[in-house]
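The form predicted alone is given below as one chain in structure tokens.
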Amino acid sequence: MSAFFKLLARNRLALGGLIVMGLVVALALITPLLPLVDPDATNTANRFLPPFSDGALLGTDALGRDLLSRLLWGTRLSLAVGFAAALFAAVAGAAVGIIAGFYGGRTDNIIMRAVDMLMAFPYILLALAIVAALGPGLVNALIAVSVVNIPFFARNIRGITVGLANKEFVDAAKLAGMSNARIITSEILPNVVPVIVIAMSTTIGWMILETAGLSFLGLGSQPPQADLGSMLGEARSALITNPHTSVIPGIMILIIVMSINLLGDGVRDALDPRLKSGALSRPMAATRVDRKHTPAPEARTEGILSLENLRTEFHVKDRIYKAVSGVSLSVKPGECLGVIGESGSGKSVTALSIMGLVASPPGVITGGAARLEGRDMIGARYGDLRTLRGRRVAYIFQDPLATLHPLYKVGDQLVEAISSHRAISKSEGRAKAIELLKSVRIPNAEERVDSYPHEMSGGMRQRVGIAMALANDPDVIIADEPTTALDVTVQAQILSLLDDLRRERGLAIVFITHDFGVVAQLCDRVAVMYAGRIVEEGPTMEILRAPAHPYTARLIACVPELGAGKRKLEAIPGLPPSVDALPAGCAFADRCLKAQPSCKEGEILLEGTGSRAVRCLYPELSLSKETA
């Protein structure tokens, strides 16, 4: 709960709405304790007194009734009716939606058609019809407002329930012999409660406004009882001569509705599990760069793409996560560089930092450089960066189903990737799309160009992702674990395809993976990452035959070998350190079997001779001897 309020407080508008609404509710609760005059007591001799008159702080209305007293009592009544209507509509709508979504079939069809009939009527006219049938009165207005809002909740909750009803945990509950009623209350309901709360928080203000509207028309609160709507209705005849009688309740309605809406938006964001990091604001177009303390170094490495002491951090509240801590890499045309390491070692953040794709907030590039043919892309103008993205440097993401737009044909998406950088006619674009699909060995490319992503297998979607990366003949391709979600046969085909394209087109490839088998098949060189740093680098086969860093050796030992007989499958004990509290010295020391006290003292540099380098005081082998 404390985390929820901390996250809510980060949204200043929501915090302001919470404070204002808290004051209004507190004032409504203590109204019976305040020394106020009878809100229904009339005194025609003092009618239409202006604000700040003696004995009438906010003045009086047409019957001489005290506006302050009527405002406070009316606010209390309007809040009670609005909250009650929202609660009734939420409970009834959620029940209808859960039953329809869970049972499906004929039950769903009958219930939702009834809901559609309610939604076919304009909600205001439907509310007026209900009140006309039941008769004027505040309770009847409450019922009318609740009924017209039930379809809103039913539709939302039904959609969520349909997705939950086919989940594995629901199937497991059915297999356990649980009744439908128990499954609904114990499995479905807890998952839809956050959605109900969010829906309520964003509709309470609207329901208060609807109730006030009915009272304004004389169908809600009846004289002499006052709520904010009836106060506005009674004062409309004196709007010109005595505007304060209308302005005062109108301002209160505005304050209540605005504060509830602002608070509702904050509650919605704070309850969204995707925003638990506190990143409530929309990400910037490019990663924020702040290299005041560590300016960009001079170019020292060769290659079409080179990283020099790159540092990327995530600033979340008062914590700093050092995801990338001084990474230096380079790749030449026609070369494939593998970047390997456990999940969370900083591989993907390194790759995303090159083109400024790390979300900001909370991501910040705090040091280093990423040079394309000597030109530093870190901190470049967004227009220049946008020109380079997809044109000179292309990116292949891990999950093509999430990358490809589900509502557009793959051919149209390929044409869009091209037209973003140069003008192309429709016929030329289609021909180019077919050519790209053929280049990645998709059969029947002329037909597949009109397919949607869901009509393709995982391997074909990944080939489309590769084709999209090749659309503008880039110089560098960054492949972020593009084969992880594929089966072994398709994975081999994709790797072979990438290898052929690299050799045919002279592409430089940065291949991110956690599989040494993939590295051995595709990569010329490999860089091993741990806790945001490169711990070993060198030619692939040399590292596979003789790893120098203990972490690399343990990673290779974890790879199962077919036909090698019985052997113990290795595992690395412990967990990687949290990058917001990295230990001094070697980050792998707590998990290393060769660690010495000196490993936990001071900075350990990446050193070596020739083509090999290692960040270790006690490596598995001496690079100088091995090189010699």
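Given the structure is predicted, the values throughout are model-derived calculations rather than measurements. Quick note: we count residues from 1 along the sequence shown, nothing fancier.
Although not depicted, the form predicted in complex with a small molecule is the subject of the following passage.
The chain is drawn here without the small molecule; in the predicted bound form, the stretch among 500-508, 378-386, 221-229, 344-352 whose residues come within 4.5 Å of it by any heavy atom is 344-352. Using a 4.5 angstroms limit between non-hydrogen atoms, Cys599 is distant from the small molecule in the predicted bound form. Interface residue remark: Pro362 is counted as part of the site for the small molecule in the predicted bound form, having a heavy atom within 4.5 Å. Among heavy atoms of Ile442, none comes within 4.5 Å of the small molecule in the predicted bound form. Although the partner is absent here, Tyr321 sits close enough that one of its heavy atoms falls within 4.5 Å of the small molecule in the predicted bound form. With the partner omitted here, the residue from Tyr395, Phe314, Phe216, Phe516 that has a non-hydrogen atom within 4.5 angstroms of the small molecule in the predicted bound form is Phe314.
The single contact residue among Leu67, Val579, Cys592, Ala587, judged by any heavy atom lying within 4.5 Å of the small molecule in the predicted bound form, is Val579.
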